[in-house]
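A lone chain, given as structure tokens: the form predicted alone.
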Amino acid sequence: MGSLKIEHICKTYGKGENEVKALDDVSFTVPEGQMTAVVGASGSGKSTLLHILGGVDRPTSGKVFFGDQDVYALNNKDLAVFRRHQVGLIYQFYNLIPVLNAEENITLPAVMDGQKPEPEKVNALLELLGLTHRRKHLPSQLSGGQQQRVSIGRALFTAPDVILADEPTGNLDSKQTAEIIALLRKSNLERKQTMIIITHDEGIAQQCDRIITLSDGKIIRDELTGQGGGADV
């Protein structure tokens, strides 16, 4: 289920003279466990692609497969369930609930499903994130790096097959950036999670197994970095 296949994805906004083609016939496959960076200039279609992969925004045409599941063959209700269970989304701006503490933000996906989080699972994830001593702190009491760790914890909590991250270190300094990328890589290797990271940082991209470059909604380059961990393209 951790593999991704994108077939001839197009996404257009507006009509006639105002039509903008954000993605133009994009196709690629990401094998299970590969950590892939998607890079490109502002407006190249990176975030649009991530939103379509995550089931947040429907394509104008084309298909997205998670394993054998055709994502956009699902109705809206099943698509919402798919997003909660199969995909972990990490954003640049954290999107934490300000009145919930770190532990409550991390376990929110389980609570939304009417489940009681397992204490052992919570403790293990907090330890992985380095947040055991911050579990009862509100977002306003955490540093930017700690808030992003909480955001990552929320994405990891349901043990999704695929993690999608949109500029996850965009608001962090170099030390925090290194810590977050190391954390994502550790989860990628230990849990064999497929990861796609949108980034403008060449240093981050080079730490991934593969780099896909977009320009004007098209793939212009697709290369392995030699980091290992992913199948050949």
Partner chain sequence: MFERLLALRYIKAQKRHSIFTVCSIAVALALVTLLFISFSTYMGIRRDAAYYEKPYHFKLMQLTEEEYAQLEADPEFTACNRVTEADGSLSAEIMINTYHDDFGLYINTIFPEKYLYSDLKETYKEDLIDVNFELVELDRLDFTSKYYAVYRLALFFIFIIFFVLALRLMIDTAFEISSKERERQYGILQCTGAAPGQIVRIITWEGLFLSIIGIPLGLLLGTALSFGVFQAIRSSGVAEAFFTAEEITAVMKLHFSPLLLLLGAVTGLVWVMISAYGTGMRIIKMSPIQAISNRENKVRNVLRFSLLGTIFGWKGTLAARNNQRQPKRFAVTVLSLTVSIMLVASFSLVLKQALAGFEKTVEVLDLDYDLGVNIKVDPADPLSYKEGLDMIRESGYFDIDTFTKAQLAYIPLGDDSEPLFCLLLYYPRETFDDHFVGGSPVPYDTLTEQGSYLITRPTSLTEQSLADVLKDYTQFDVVVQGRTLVTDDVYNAMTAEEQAQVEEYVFNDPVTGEHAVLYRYQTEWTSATLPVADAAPATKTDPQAKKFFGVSHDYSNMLLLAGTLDAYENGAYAYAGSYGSLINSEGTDNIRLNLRDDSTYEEAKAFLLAHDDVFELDEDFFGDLRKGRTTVGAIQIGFGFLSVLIGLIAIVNMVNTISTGMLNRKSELAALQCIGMTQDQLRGMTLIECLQYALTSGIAATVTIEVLFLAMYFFLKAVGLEEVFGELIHFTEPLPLIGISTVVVFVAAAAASFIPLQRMQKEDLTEQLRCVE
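Just so it is clear, the structure is predicted and the values come from calculations on it, not from any experiment. Positions refer to the first chain, counted from 1.
One more form of this protein should be noted, the form predicted in complex with its partner chain, which is absent from this view; the next part is about it.
- With a 4.5 Å cutoff on heavy atoms, residue 99 counts as touching its partner chain in the predicted bound form.
- Looking at residue 112, you'd find a heavy atom of it within 4.5 angstroms of its partner chain in the predicted bound form.
- When contacts are judged by a 4.5 Å heavy atom cut-off, residue 124 does not count as touching its partner chain in the predicted bound form.
- Shown alone here, residue 134 lies farther than 4.5 Å from its partner chain in the predicted bound form, counting heavy atoms only.
- For the three marked residues, 76, 81 and 154, a heavy atom of each sits within 4.5 Å of its partner chain in the predicted bound form.
- Listed residues 32, 179, 57, 201 were compared with its partner chain in the predicted bound form; 57 is the one with a heavy atom within 4.5 Å.
- Proximity to its partner chain in the predicted bound form, taken as a non-hydrogen atom within 4.5 angstroms, holds for one residue of 185, 63, 191, 51, which is 51.
- Shown without its partner, the chain has 136, 138, 139, 140, 141, 147, 154 in segment 135-162 as residues with a non-hydrogen atom within 4.5 angstroms of its partner chain in the predicted bound form.
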